[in-house]
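What follows is a single chain, given as structure tokens, in the form predicted alone.
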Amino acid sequence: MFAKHARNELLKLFARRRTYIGFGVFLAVEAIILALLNMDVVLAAFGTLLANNGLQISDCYTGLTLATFINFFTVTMLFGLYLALVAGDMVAKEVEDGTMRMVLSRPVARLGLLAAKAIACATYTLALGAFIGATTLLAACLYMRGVGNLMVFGPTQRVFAVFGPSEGLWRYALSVALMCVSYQLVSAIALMLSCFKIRPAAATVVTVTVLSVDLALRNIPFFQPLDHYFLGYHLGCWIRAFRSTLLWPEIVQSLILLAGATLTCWVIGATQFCTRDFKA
């Protein structure tokens, strides 16, 4: 019965048009960024950055470098937004449409139903994350007609490294995998809020607000010593896959904290969902 619920939730999720908004937006953003990177003034700035670090643009201006560059500046702002948009609808939208009362009028376990919705959210997070990683790399490599070396420069993330093609590819794959796992928390937050008595748009807005406030606080220079206490630091553990020396204890610690926060959101959401009166 649970497998049937999970399958139905996945079918409902991927039958909605808004589920695919994130996929389309990321494709458009990738195309725009690659087009802008072809401008002479942008190429000159990129070449100056490389020259100041003793590197040649012919060695580091590659498909792998551009793919990582695009992810650095799009995932943080957009990935969480579209996860919140989809997960925030999972319960609140059905309550608003009145279908939740019809579903619960049957002999269905509330906890099992919410667990199926959580699986659907987790699946969507993995699907969108994998799509972003694959299409960005494919588009950048087609644009540059090859993979090439990987040069990573992220001043705010304190990352600067150069890797060969083989190491660069597995570092890129590792970062995408970590991104898909870490951002499960964003889906869990939106799903938890969706279980409360609020509209779908409100669940999305509150989730995005949490991420935005966290980002704003992290950008205040005086709060740098507190960086480890912010949500964005741990969500960004995928960026640490590009450090010259992989510090696995830091990455694992972030993943454990994110897993604990995700579980907490699921428990709070399940408690609210199982005790809520949907007739009111």
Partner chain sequence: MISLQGITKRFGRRIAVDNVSFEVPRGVIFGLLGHNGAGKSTLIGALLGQVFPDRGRVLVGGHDVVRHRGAALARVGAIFEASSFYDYLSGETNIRILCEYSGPVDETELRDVVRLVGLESRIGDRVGTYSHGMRQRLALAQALLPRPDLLILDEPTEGLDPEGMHETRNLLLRLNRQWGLTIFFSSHLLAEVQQLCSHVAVLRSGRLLFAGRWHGVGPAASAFSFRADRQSEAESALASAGIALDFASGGRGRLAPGQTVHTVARWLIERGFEIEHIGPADTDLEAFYLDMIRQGPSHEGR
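On a predicted model such as this, the values are computed, not experimentally measured, just so you know. Positions refer to the first chain, counted from 1.
Another form exists, predicted together with its partner chain; not displayed. Remarks below refer to it.
Engineer: Can all three of 12, 102 and 105 be found with a heavy atom no more than 4.5 Å from its partner chain in the model of the complex?
Structural biologist: Yes, because 12, 102 and 105 each have a heavy atom that approaches its partner chain to within 4.5 Å in the model of the complex.
Engineer: Let me know the one among 85, 141, 113, 176 whose heavy atoms come within 4.5 Å of its partner chain in the model of the complex, would you?
Structural biologist: Here the answer is residue option 113.
Engineer: Going by a heavy atom distance of 4.5 Å, is residue 97 a contact of its partner chain in the model of the complex?
Structural biologist: Yes.
Engineer: Within 4.5 Å, heavy atoms only, one stretch in 105-113, 180-188, 118-126, 143-151 touches its partner chain in the model of the complex. Which?
Structural biologist: The contacting stretch is 105-113.
Engineer: Across 212-249, which residues bring a heavy atom to within 4.5 Å of its partner chain in the model of the complex?
Structural biologist: Going through 212-249 in order - heavy atoms within 4.5 Å of its partner chain in the model of the complex - there are no hits.
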